[in-house]
Structures are given as structure tokens and as C-alpha cells.
Ligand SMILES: CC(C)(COP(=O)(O)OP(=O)(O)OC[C@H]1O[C@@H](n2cnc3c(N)ncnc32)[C@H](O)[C@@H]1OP(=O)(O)O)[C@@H](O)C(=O)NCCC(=O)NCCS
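Listed next as C-alpha cells is one chain, alone, in the form predicted on its own.
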Amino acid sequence: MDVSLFSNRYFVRCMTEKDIAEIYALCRNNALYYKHCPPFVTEQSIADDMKVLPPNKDHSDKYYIGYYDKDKLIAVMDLINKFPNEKTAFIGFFMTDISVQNKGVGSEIIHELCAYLKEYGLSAVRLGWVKGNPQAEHFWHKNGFAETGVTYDTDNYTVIVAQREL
């Protein structure tokens, strides 16, 4: 998978531990997200998220990526290839900078990503949002994701699993 091909408009690259401060600067301004999905972000939680994997996956399947408009980080995504099955990608996290929210940028990124993943040979994209977060639910519905009927509980919230066929 070539992350540089995820977008025709934005520069996309894999993020590393050297980028944690920049990622934190983007995430910490999204208070509404963390209201629904606690705890609030820290540099350590970003470092942990960069390493966490679902069962039976290894780091070659994980893409923790940043989208740049010129030199400004405008979005961050955690994507797992071929999870939960060989024909599905899983978005574990997606956040846009507050400065580009409600301007169509997030939807454009998701549209381009889905087009790439379909060309890459996948047939679906799966993700989850926190139950009771109307902003997330609206965004993902608008971008073609539908609830699968599966939910799971964490210590702090319930996750609604959704999927988009490609």
C-alpha cells in the first residue's frame, strides 16, 4: 500500500514518533471529540496509539498517517490494512484540524481514500464511532458508512461499528 497515493490534493505520509508534538497540536483542539471519547489526548496516548494493533495483525499492516496541505498538518488517520478480514480496511482513528472542519476537507479525504482502497483491491472500509457523538455519526453517515449492528463497550463509552462497501 502506497500512502502517497491516498490523496491527489494533499501530501500524505506515515507519521513517526518525531511527529507526536505536531499530532498533539492538531488533536488537542478537538475538545468535542474527547468529550465523547475520553480520556483527553496526551503525547503519550498518541505514542501508544501509534503502536497498538488489533489481534493477529503486525506493524506492516498499520498506517498511522498525516495529511498535509503544503506544510500544515490538516488530518491524522490510523488505518489497518486487511482487518477484520482480507478484503476490508479499518479506520481506527480519523481527525481533521479544527481549522478545516465543516469545509468538506474530511469528506474529500475519505472519498479519495475509499477510491484508492477499491483500486487496491479491497471491498469495504470499517470503523467505529462513539455512541452519542452526533458530530461523528453525521460525518460517517454523510460519507456512506452504515451501522453493522455490532457494538462493543469500553470502560468509558460504547462504540458503534459501521462499514462502507467500496
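Position 1 is the first residue in the sequence shown; the rest follow in order. No experiment lies behind these values; they were computed from the predicted model shown.
Not on display, but discussed next: the form predicted together with the ligand.
Trainee: State yes only if every one of V100, K103 and W140 has a non-hydrogen atom within 4.5 Å of the ligand in the predicted bound form; otherwise state no.
Mentor: Each of the three qualifies.
Trainee: Exactly one of M50, A115, L122, L32 has a non-hydrogen atom within 4.5 Å of the ligand in the predicted bound form; which residue is it?
Mentor: Selected residue: L32.
Trainee: According to a 4.5 angstroms non-hydrogen atom cut-off, is Q135 in contact with the ligand in the predicted bound form?
Mentor: Answer yes; at least one heavy atom of Q135 falls within 4.5 Å of the ligand in the predicted bound form.
Trainee: Answer for F94 alone: is it within 4.5 Å of the ligand in the predicted bound form, judged on heavy atom distances?
Mentor: Judged by the heavy-atom cut-off of 4.5 Å, F94 is in contact with the ligand in the predicted bound form.
Trainee: Does any heavy atom of G128 come within 4.5 Å of a heavy atom of the ligand in the predicted bound form?
Mentor: Residue-level check for G128: yes, a contact with the ligand.
Trainee: S107 near the ligand in the predicted bound form, any heavy atom under 4.5 Å?
Mentor: S107: yes, in contact with the ligand in the predicted bound form.
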